[in-house]
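We begin with a single chain expressed as structure tokens, specifically the form predicted on its own.
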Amino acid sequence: MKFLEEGLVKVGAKAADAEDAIKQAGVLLADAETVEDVYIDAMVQSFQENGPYFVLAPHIAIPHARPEDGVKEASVSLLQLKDPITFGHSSNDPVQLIFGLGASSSEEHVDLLKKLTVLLNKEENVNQLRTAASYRDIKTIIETGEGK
């Protein structure tokens, strides 16, 4: 399992729209070789077909696709946007933190969501992730946010 490792995090990114942000979060997963390139298209297609259901909290989106869409290894990426963008969610827009999630089974999906929940359950962690200036800042938040 790869969870927000250095190669899976991009700080201060820019995205033209929600689809662009989803693609960038997916590219981080593909570049780490945890998903196949087709997984990125499946993430975008899921958004097009199902809308922004994965915008789970203010400022936070967790786009994903199905395990059979090309997941090689469980992983989570983070695209932190310099400027938040609209995903079309009625109450949680604008989004600034996009966590790309790839899981090869339902159990892995739940495990990754549990790890994210522990991290994002504290508003202070979310605010710090939104204003982090480097991967080092993100790593510190992750380590303290997980209780390490």
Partner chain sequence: MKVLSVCGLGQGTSLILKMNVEQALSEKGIRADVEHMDVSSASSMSADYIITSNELAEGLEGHSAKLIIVNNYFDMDEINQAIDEHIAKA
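Numbering follows the first chain given and starts at 1. Computed from a prediction, not measured in an experiment: that's the story for all the values here.
From this point on, the text means the form predicted together with its partner chain, which you will not see here.
Peer 1: Counting any non-hydrogen atom inside 4.5 Å, which residue from Ile40, Leu79, Leu101, Val95 sits next to its partner chain in the predicted bound form?
Peer 2: By the 4.5 Å heavy-atom cutoff, the listed residue in contact is Leu101.
Peer 1: Is there any non-hydrogen atom of Leu28 lying within 4.5 Å of its partner chain in the predicted bound form?
Peer 2: Close contact is absent here: in the predicted bound form, Leu28 is far from its partner chain, nothing within 4.5 Å, heavy atoms only.
Peer 1: Could you confirm whether Ile62 comes within 4.5 Å of its partner chain in the predicted bound form, counting heavy atoms only?
Peer 2: Flag for Ile62 set to yes.
Peer 1: Does the 4.5 Å heavy atom contact test between Gly70 and its partner chain in the predicted bound form come out positive?
Peer 2: Residue-level check for Gly70: no, no contact with its partner chain.
Peer 1: Look up in the predicted bound form whether Thr117 has a non-hydrogen atom within 4.5 angstroms of its partner chain, and give yes or no.
Peer 2: Yes, Thr117 sits close enough to its partner chain in the predicted bound form that at least one of its heavy atoms falls within 4.5 Å.
Peer 1: Establish, in the predicted bound form, whether Thr86, Leu129 and Ala132 all lie within 4.5 Å of its partner chain, using non-hydrogen atoms for the distance.
Peer 2: No, the candidate spot makes no contact with its partner chain.
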